[in-house]
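Presented as structure tokens, the chain that follows is alone, the form predicted on its own.
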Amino acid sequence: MTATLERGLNALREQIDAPVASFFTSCVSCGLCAEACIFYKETGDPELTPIHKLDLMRRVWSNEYTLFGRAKSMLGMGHKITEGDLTKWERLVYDSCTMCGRCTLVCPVGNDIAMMIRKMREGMSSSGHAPAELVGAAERHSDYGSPMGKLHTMLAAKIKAAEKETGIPIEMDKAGVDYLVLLSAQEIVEYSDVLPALARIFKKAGVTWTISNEGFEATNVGVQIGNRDIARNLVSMVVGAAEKLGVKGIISPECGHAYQALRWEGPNLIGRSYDFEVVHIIELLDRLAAQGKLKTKGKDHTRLTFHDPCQINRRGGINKEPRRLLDMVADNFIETEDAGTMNWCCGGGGGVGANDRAADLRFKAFNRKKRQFEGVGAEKVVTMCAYCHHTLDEQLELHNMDSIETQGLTEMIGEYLDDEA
């Protein structure tokens, strides 16, 4: 056995704990998870079924942790694993799974299949079997504060531009305010309307906020690549900035895995609870509207629909909030088939969109979204995740559907904000 193979097997062994053993013991191989997977449904490839993606770790568990499997292994009849298997399964767990959690919701025995894929990624990344793009992003994030590198200068320029556009000062590193606002790299680089929208909304609502030079990036590449140490360090960076400034809460931006990592996994990652609230921007906007602090004027008459980001709706529980906000600013909003908690993934989350070799799979997977949008005759698609927004832009163009406009919900609320109410 080569050193690389042994390292890979050891990495997978380290992930096998009681929940993993329970999963493999209780799985009834019913196939329902396959019917819930966008990659399997749009390709028909049986290797892309969620349960098959976990087969490598299942083999290790069977060979070494079950009585029957150990007996077979002693007789040379176990499910052997080769270096070729590690290379093959790297593609399966990183290229054809966004950890969207749709499979988890349909599992009849309640297995969290998305969590299992995450465990597989933990083992694969530890053994050196992870996409180069995600490895590079993780290194840049750890070294420079963002997966896109050192964005401090660009952020300062975007803040200056937002101040010029709105006439509202945006103070960095201001202690004692209500909220520390996080941004995703995608919002800083691609979507410049976010900061002006936030400045106008928060000024009107009387919300005080700041951005920290020490922790402004919300994205958590550690979760995507499957490395708890990196994920912990990135959460700690943000938590440290919030505690230093003494804020009452952190606002997670329109970014799915950022919200998941900070809101739901963060306390477990750092081993303690927070002294502040973590709230998604759409949750906060909905709350402000309910309090009468957010009022809008006029409505979008475009035939529009909404794309629910997996980590924010299905795994994060934010479902009604964006719809209440849309009702404030749109009078021709129509839901797609399977909208809401069971919505289909955009196909780019979980690091898949940053993985060049997965481009063909992303294209095929998006056919499901294409049919959803065509089914309602959408002229505009609104979402509440910047990376979903990016993927929608990319795939609509590739599918010759770029006549459909895309927009983030925060920007849309800012566009229709009633500054005089």
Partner chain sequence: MNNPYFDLLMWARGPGFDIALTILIGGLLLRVVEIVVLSRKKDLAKPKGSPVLQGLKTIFTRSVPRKGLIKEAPVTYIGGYIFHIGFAIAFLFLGAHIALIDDLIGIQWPEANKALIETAAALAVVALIALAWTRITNPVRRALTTFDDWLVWLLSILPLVTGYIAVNRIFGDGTLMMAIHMLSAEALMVAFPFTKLMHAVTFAMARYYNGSIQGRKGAES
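The structure displayed is predicted, hence computed values, not measured ones. Numbering follows the first chain given and starts at 1.
The form predicted in complex with the partner chain exists for this protein as well; it is not shown, and the discussion that follows is about that form.
Site residues Thr49, His52 and Cys107 are all in contact with the partner chain in the predicted bound form, judged by any heavy atom within 4.5 Å. With the partner chain omitted here, the record of contacts in the predicted bound form names 59 to 67 of 356 to 364, 391 to 399, 59 to 67, 373 to 381, defined by a heavy atom within 4.5 Å. Interface residue among Lys150, Lys164, Arg324, Arg272 relative to the partner chain in the predicted bound form, by the heavy atom within 4.5 Å criterion: Arg272. When the partner chain is considered in the predicted bound form, Gly249 lies well away from it, no heavy atom lying within 4.5 Å.
Interface membership of Glu243, defined by any non-hydrogen atom within 4.5 Å of the partner chain in the predicted bound form, is ruled out.
The partner chain in the predicted bound form is not approached by Lys295, whose heavy atoms all lie more than 4.5 angstroms from it. The partner chain is not shown here, and in the predicted bound form it never comes within 4.5 Å of any heavy atom of Lys204. Along 240 to 272, a non-hydrogen atom within 4.5 Å of the partner chain in the predicted bound form is carried by Tyr259, Gln260, Arg263, Trp264, Pro267, Asn268, Gly271, Arg272, in order along the sequence.
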